[in-house]
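Coming up is one lone chain in C-alpha cells, specifically the form predicted alone.
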C-alpha cells in the first residue's frame, strides 16, 4: 500500500491518526513554509486496502499551523498549535470556525499533546520558553511551567502516569515535570545542540526517545539520566520528529531535514527502514493505532504519504 495526498499551497508540519477511527487522519499545514501567511487543517479519510485518500474537511486559519492532536474524549474534536501563539479547538461536525480559541502564549506554539491517562487536559509548548496546561472547558490555562531557557519544541504526557510529562528545548535539555509541582523534577542535558522532539516508549515506563539538531536520536532511561542507553546515527541533518510505535516497544520512527523518514530498532540500534519518497524536509510522522502496519508522513513538499513500510509487513 502506498497512497499520497497533495496539500497544495500548504507545507506539512504535523499529523496524527485519530484515536477513535482507523481511517481518519488530521494534518496541520502552513503556507510559505510557516514563515508568513495562512494555515490549514486537513481532515483526511484513508481507505484501505484501496489506498485512496479523500478530504473530509478543511479548516483555514490566519496563521500557520505547527501541530495538531485529537481529543481523547470526543471523537470529533481536535486542537491545533499556531504560529501566532494561539491554540484552537475544532469540531469536525460543526462550522468552519473553532469552537474555542486561547491566546496566552507570547510566541509561536510548536506542540500540543492530549493527556492519554486522565484524558481531561492537554499541554502546549511554545517558543516563549513556557509550557501551559489546558482544559477544553476552561477559558484560560490552568497552569504555566517555566524552567527552560530557550524555545520549548515539545511537551509530551507520559502514557503511564496522569501527572507526568516531559519537554525538550533549544537549551539542549529534556525536563521531566509533574503537574503537582511548578518546577521540573528532573533535567537531562540530552544533546550538544537543540532538542527538537521527544516521545515516550509505550511499553517501558521510564524510557524516553529524543531527536536533535545534532543529527542523532537518543534513548534514555529516566532512572539513569547520566548517559543515554543508545545513540542512533544515520540522519544527515537535524532530526525533526521522533515517534515511538504503539505496537512495539522496540520500534521508533523519525523524520528529518534530510528528506527521509527512518525506522529504528532501539534495542539493537539498527536502522531498519528508510522512506525517501519526499522531496523536501519531512516533519510529521505517526503510526496508525488500528492498522499496525500503516504509517503516515507529511513534508514541506506539500504531500502526505500513507504506506506500509517493508519492515512492518
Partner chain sequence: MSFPSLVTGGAECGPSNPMNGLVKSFSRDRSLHQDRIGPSRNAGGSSSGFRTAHPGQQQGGDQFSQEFLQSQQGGQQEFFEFNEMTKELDGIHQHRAPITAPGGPDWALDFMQQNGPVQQQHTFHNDAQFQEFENVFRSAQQQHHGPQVGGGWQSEFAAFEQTHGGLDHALQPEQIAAFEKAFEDAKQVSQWESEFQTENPQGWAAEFAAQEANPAADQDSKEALAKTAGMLLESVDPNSSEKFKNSSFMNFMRRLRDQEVAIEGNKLVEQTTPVISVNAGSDWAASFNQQQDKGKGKATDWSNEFEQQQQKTGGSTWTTDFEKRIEQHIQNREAGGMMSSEFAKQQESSWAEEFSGVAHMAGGSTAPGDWASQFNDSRQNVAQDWVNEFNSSNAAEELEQAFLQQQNQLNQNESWVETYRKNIAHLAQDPVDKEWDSLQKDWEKHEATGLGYRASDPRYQHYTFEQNNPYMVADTSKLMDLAARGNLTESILALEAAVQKNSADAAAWHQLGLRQQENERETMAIAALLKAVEANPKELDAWLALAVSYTNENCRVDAYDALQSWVENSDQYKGVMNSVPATKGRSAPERHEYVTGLFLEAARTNPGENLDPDVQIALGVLFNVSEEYEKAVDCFRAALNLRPEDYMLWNKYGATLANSHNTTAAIEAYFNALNINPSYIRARYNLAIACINLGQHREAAEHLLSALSLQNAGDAARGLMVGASTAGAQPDGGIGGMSQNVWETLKMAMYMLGRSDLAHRCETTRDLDAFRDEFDF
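The structure displayed is predicted, hence computed values, not measured ones. Residue numbers count along the first chain shown, from 1.
This next part talks about the form predicted in complex with its partner chain, which is not shown.
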#### Entry: Site test, 215, 230 and 259 vs its partner chain in the predicted complex, non-hydrogen atom cutoff 4.5 Å
yes
### Task
Name the single residue among 132, 191, 88, 241 that comes within 4.5 Å of its partner chain in the predicted complex, judging by heavy atoms.
191
### Message
Within 4.5 Å, heavy atoms only, which of 165, 122, 145, 127 is in contact with its partner chain in the predicted complex?
### Response
127
### Query
At the 4.5 Å heavy atom threshold, is residue 281 in contact with its partner chain in the predicted complex?
yes
### Message
I'd like to check something about residue 182: if you look in the predicted complex, is any of its heavy atoms closer than or equal to 4.5 Å to a heavy atom of its partner chain?
### Response
yes
### Message
Does any part of residue 246 reach within 4.5 Å of its partner chain in the predicted complex? Heavy atoms only, please.
### Response
no
### Message
Residue-level contact is defined here as any heavy atom of the residue lying within 4.5 Å of its partner chain in the predicted complex; does residue 93 satisfy this criterion?
### Response
no
### Query
Pick from 71 to 79, 112 to 120, 194 to 202, 137 to 145: which stretch has non-hydrogen atoms within 4.5 Å of its partner chain in the predicted complex?
194 to 202
### Query
Though the partner is not shown here, which residues of 2 to 41 have a heavy atom within 4.5 Å of its partner chain in the predicted complex?
32, 33, 34, 35, 36, 37
